[in-house]
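Form predicted on its own, single chain, as structure tokens, below.
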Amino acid sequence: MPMNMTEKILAKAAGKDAVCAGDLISAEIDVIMCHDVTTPPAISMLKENGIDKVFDPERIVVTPDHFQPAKDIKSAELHKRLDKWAREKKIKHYYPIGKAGVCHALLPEQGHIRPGEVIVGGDSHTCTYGAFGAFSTGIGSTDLAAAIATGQLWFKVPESMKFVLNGTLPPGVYSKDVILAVIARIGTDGALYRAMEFTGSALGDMTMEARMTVTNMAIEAGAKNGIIGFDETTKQYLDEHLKDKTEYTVYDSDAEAEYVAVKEFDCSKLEPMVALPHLPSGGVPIGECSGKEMDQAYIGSCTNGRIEDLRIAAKIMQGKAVAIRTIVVPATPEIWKQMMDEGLGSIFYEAGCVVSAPTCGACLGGFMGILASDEKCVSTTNRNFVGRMGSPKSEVYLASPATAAASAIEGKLTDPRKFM
């Protein structure tokens, strides 16, 4: 029976020879990601039900990230509970404050993501890890509690859609522009509870960091997971980052595998994209919105806070000054150090940016970049819902690091190709 990558991984996890879309399965979980927002409620559920165990302390990865360093008493209490639990349960892979970072950048960087595995996390953007040929999806606190205790969860095998990214990206166009264009075409429910499988020559030219941006935003089209096949780029990244467990199984989609839809994109014709408020599906070419004045630029998050993103922004900002409030947030301590070692921090400082320690804060309207009423922000994050970054009367415009950097310099939405 022909199967695609998602089906093959779920079949293996369920101990079956084959599965098909719509099947209900019980799957073994390989890795669980826990952070400071959804894990404390899961811990409470376990205690309330008299469950005082974790299924495997070596297969749970814990990091505070959304409100770290703690922004107030409530977030400090969340961190205290997470820290106490991680130490009591002897969680092997615990990244406390000082080593903590944005979870979806930290786990691949620290070698916790492998092809062919089932990975879940109490965060909707856990679909990021599908860039490595894994099945990865976000879950709520209740399912998180069940997974922590048993190492298993039930799933409905999703239908799959294939997205063929043809051509070569033009100068000034990046993977963020690609995924914004994809979501603009199919809408925020265009892949509802489906697997989004990405392939094509444009994808083959992308780094792993760029690919993670694509799968990170699969949830913004309603997808259960995003997934990309294994190739030499994947292998090279894993060779550099895997530490404890270096073996893994690669699954490819069969040529005869069925898809409910196949969408093709000529990426060579793409322009820099901006998602207008208030949905990620509001993507338009920069030419249709350039000149709109901004109050803030934000460069960071699990979507675009990696070293590649910071290099892109710094190249545009070098020798220039920003015209608006601009916040730069490296996603992990290692990225922060690399940024400083490469001199990018100095470029951002000279340009007049605020550079933060790793945190998810501003992306979800927590702290480190809250918007006031009527303020407008060009952001490299993944969501621009009403009130996402602060006041419900503010506006968020999603863009690539290049577009955000160019817009910061001009103080208005600006085509980054102007600086190239």
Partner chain sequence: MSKAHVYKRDHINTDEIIPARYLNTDDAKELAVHCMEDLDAGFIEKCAAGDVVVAGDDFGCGSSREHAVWAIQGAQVGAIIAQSFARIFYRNCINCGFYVVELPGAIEKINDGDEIEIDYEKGVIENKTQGTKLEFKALPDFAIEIINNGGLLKHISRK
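Values in this document were obtained by computation on a predicted structure and should not be read as measured data. Numbering follows the first chain given and starts at 1.
Omitted from view is the form predicted together with the partner chain, to which the following refers.
- Between the partner chain and the residues A86, A145, A314, A100, the one pair within 4.5 Å by heavy atoms in the predicted bound form involves A145.
- Scanning Y94, F348, Y174, F155 against the partner chain in the predicted bound form with a 4.5 Å heavy atom cut-off leaves one residue, F155.
- Here the marked residues P40, T137 and L192 all reach the partner chain in the predicted bound form, each with a heavy atom within 4.5 angstroms.
- Residues of just one listed stretch (86 to 94, 247 to 255, 192 to 200, 285 to 293) have heavy atoms within 4.5 Å of the partner chain in the predicted bound form: 192 to 200.
- In the predicted bound form, none of the heavy atoms of E342 sits within 4.5 Å of a heavy atom of the partner chain.
- In the predicted bound form, K235 stays away from the partner chain, with no heavy atom inside 4.5 Å.
- By the criterion of a heavy atom within 4.5 Å, V386 is counted among the residues contacting the partner chain in the predicted bound form.
- The partner chain is not shown here, and in the predicted bound form it never comes within 4.5 Å of any heavy atom of R325.
- Annotation for 355 to 378: interface residues with the partner chain in the predicted bound form are L364, G365 [heavy atom within 4.5 Å].
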